[in-house]
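We begin with a single chain expressed as structure tokens, specifically the form predicted alone.
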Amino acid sequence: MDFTLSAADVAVQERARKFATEVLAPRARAADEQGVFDHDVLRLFGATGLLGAQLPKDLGGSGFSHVQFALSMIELGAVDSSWRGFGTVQSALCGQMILHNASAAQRAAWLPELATGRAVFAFALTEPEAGSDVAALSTRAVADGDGWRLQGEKCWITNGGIADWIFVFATVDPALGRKGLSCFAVRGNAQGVRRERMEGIELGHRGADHARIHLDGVRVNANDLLGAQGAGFAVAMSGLEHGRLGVAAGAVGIQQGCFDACLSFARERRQFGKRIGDFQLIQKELADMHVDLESTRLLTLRAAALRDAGQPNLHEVSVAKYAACEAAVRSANAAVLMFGSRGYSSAAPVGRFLRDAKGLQIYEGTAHIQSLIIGRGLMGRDSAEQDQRK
């Protein structure tokens, strides 16, 4: 095994770090405090080529490997999780879902716009009564001539309020469960689409756009179907598998941001006549953060490398997301405590890191769901149960 990054890997990492430090860092605090999505940042983001990520160059993408995508998301996550989240939804969740399920005409129409940020995309799966239980979603797709009418409600949709295209998952018959699901591309300004901000103030990711979307008889045509009819569950999972890698990388980034801030603070802050980092208790905290960071970085890059090698990585992505998100919460919690009263204020980034880390435990498959996926994979199928079914 060779853990050395190639020159191309390092170049992508440095490109992402430059964007994060020069563009995101000066704006991160204000965006969090004001809850503002900055369209000027979107324009600059699109110019970096990072939104194109793993998309083929002939479709406007950057042709990154999955390892390079993960490296870029780590750099963004270390500075601003809201924009890391945008990058993951746009380039991985939606971009990879389009790449692997769309027709040639759909790919040619959507992917170049997605890669530059000229068009914003959203993944509309979650509903008030259906989150982890995808088969329970109630948004209906009722046949209407050569197309369908969509009726229902989606919530907590990242980019939902600003998206030019919304991928809506709906069922033709709730009794069919997963087999009744299909994915439809809906224009954000289509007749019958009503969008509103989520009520209240988010705990974290406040610089992102989160929307509730009401669909009232929205008409979609046959060519608005993404993938085959009835294949919506597989289409959703094809996006989530890639999106979860971005979330894992973002959680590694939060750990990196916490560790960097704490190491600098421990060297500069003096109490009782010496640096606080010279106290063994603080050294223990730094050691724990460092070990979590390096461990989950390797888990995340391993999951990405398996995908680059053409091997299945569903289990490894779940392991990486679960481990990295839990570690991010631990690191951010320790960072706030180490900073003391300074960490209790938005003047330091560690409080924002803690709030953002909690979000990573929830979306694109909660920590509970990831642990179930991992445990189920470890157990395998019950041979006795299989014999009973025969």
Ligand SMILES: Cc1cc2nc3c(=O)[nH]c(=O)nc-3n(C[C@H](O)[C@H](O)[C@H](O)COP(=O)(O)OP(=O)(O)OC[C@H]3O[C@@H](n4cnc5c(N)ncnc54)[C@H](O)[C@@H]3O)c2cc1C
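Keep in mind that this is a model prediction, so the values were computed, not measured. Start at 1 with the first residue shown and count on from there.
Although it is not shown, the form predicted in complex with the named molecule is what the next lines describe.
Figure note: of the listed segments 112-120, 284-292, 152-160, 186-194, the one touching the named molecule in the predicted bound form, with heavy atoms no more than 4.5 Å away, is 152-160. A residue is said to contact a partner when one of its heavy atoms sits within 4.5 Å of a partner heavy atom; residue 372 meets this definition for the named molecule in the predicted bound form. The named molecule in the predicted bound form is approached by residue 368, whose closest heavy atom lies within 4.5 angstroms of it. Proximity of residue 362 to the named molecule in the predicted bound form: non-hydrogen atoms within 4.5 Å are present. Although the partner is absent from this view, residue 126 contacts the named molecule in the predicted bound form, with a non-hydrogen atom inside 4.5 angstroms. Shown without its partner, this chain lists 271, 132, 264, 280 as candidates; in the predicted bound form, only 132 has a non-hydrogen atom within 4.5 angstroms of the named molecule. Note on contacts: among 210, 297, 107, 307, the single residue with a heavy atom within 4.5 Å of the named molecule in the predicted bound form is 210.
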